[in-house]
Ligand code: MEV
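Quick heads-up: it's one chain on its own, the form predicted on its own, in structure tokens.
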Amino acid sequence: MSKLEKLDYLSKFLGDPEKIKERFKDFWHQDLDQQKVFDDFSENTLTNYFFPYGVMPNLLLNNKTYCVPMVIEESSVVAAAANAANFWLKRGGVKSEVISTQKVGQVHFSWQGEKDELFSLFKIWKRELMDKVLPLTHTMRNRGGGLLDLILKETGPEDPSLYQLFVTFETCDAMGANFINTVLEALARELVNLNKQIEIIMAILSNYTPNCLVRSFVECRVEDLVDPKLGLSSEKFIYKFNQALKISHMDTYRATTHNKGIFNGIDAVILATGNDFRAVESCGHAYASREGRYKGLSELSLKDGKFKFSLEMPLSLGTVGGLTSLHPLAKTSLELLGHPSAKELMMIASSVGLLQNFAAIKSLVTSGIQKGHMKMHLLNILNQLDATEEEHERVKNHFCDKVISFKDVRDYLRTIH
């Protein structure tokens, strides 16, 4: 079906099909060639779905200042991250380093023979398997990456017939999903050619990349944390902040929300740069469970009179290929960031996640999360209630020092008519 035919098909599901069809058309790009690019990103595309594109200025990272693009619909996220960036701008900014950039793929297969025989054969096969895929890795090797290693592993005690080739890669500035999967499927074919007793189950990359790690931190002397806006002494603030971190390491309910706050910042940067936030999230949550229980990802160190708040986590990102090369705003985002390498983007995204987390905990242990959040959310409430510009101003003035709720805003609007 053409796009218009698809819209006609949908009419049977809609109460006012003509109005809804016009609404879909309103979100089409005025440049039809550009719209065709968007349409080809996915299947059965009808229109474009807009999210706000904002920026977080004043990220001082490794002594370099960035204006960071963020795509997110949640109120107060960009404001909170920007507030934290300004707070730490005066205290040395964020420091970050990429620890490693290793990606992972697996070829899962079954083998009904003896385990020792398979492992002996693999010692002979390993070099041949790696040589067979050299043509596929040629371009990536020229960039400094490629296939790093092949390891034969048992998959698990539940089924002793299941094994895997555990394959590690370096993909440089590309996220590398297509490259990795192409190589894995080639390895699977070659494995069967070497021994017909092998039955391939599947060949696929893993989004769990615990060796694609970045570490970011902010640090200052305890006395430098004094901030009149906190409403607490620096000692009391640090005590409550530290307790909040401990709770995120002890309690799964709190840890989940704690990490969601980190991803509020990270996801917004990933979306703005055309990367895969779902892959990053699934990996981050798995990493948070690596010690056998789910816990908060950030850490606090208090030593020698210094406050050091840090975040170490896996981030598999790319700055070439995929949507980073196709989506016009993704390309603009990377330009805004100074055309970063994948490693630099890892540090930027991690830093925003760290700052977002700092801002959230700071609010929680001082004024509470709702005071700032609901002030930012007030505009959404007013738009939902179809308030006029004059009503906007009157409501904002009325609630400048009050607790905000949908009901209270609605009730106040009724009183001024």
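Numbering starts at 1 and follows the sequence shown. Quick caveat: nothing in here was measured; it's all calculated off a predicted structure.
Below, we turn to the form predicted together with the named molecule, even though it does not appear here.
From the list 381-389, 356-364, 33-41, 63-71, the contact stretch for the named molecule in the predicted complex under a 4.5 Å heavy atom rule is 356-364. The named molecule is not drawn, but in the predicted complex it has a heavy atom within 4.5 Å of residue 260. The shortest heavy atom separation between residue 236 and the named molecule in the predicted complex exceeds 4.5 Å.
For residue 254, a non-hydrogen atom is located within 4.5 Å of the named molecule in the predicted complex, even though that partner is not displayed. By the criterion of a heavy atom within 4.5 Å, residue 264 is counted among the residues contacting the named molecule in the predicted complex.
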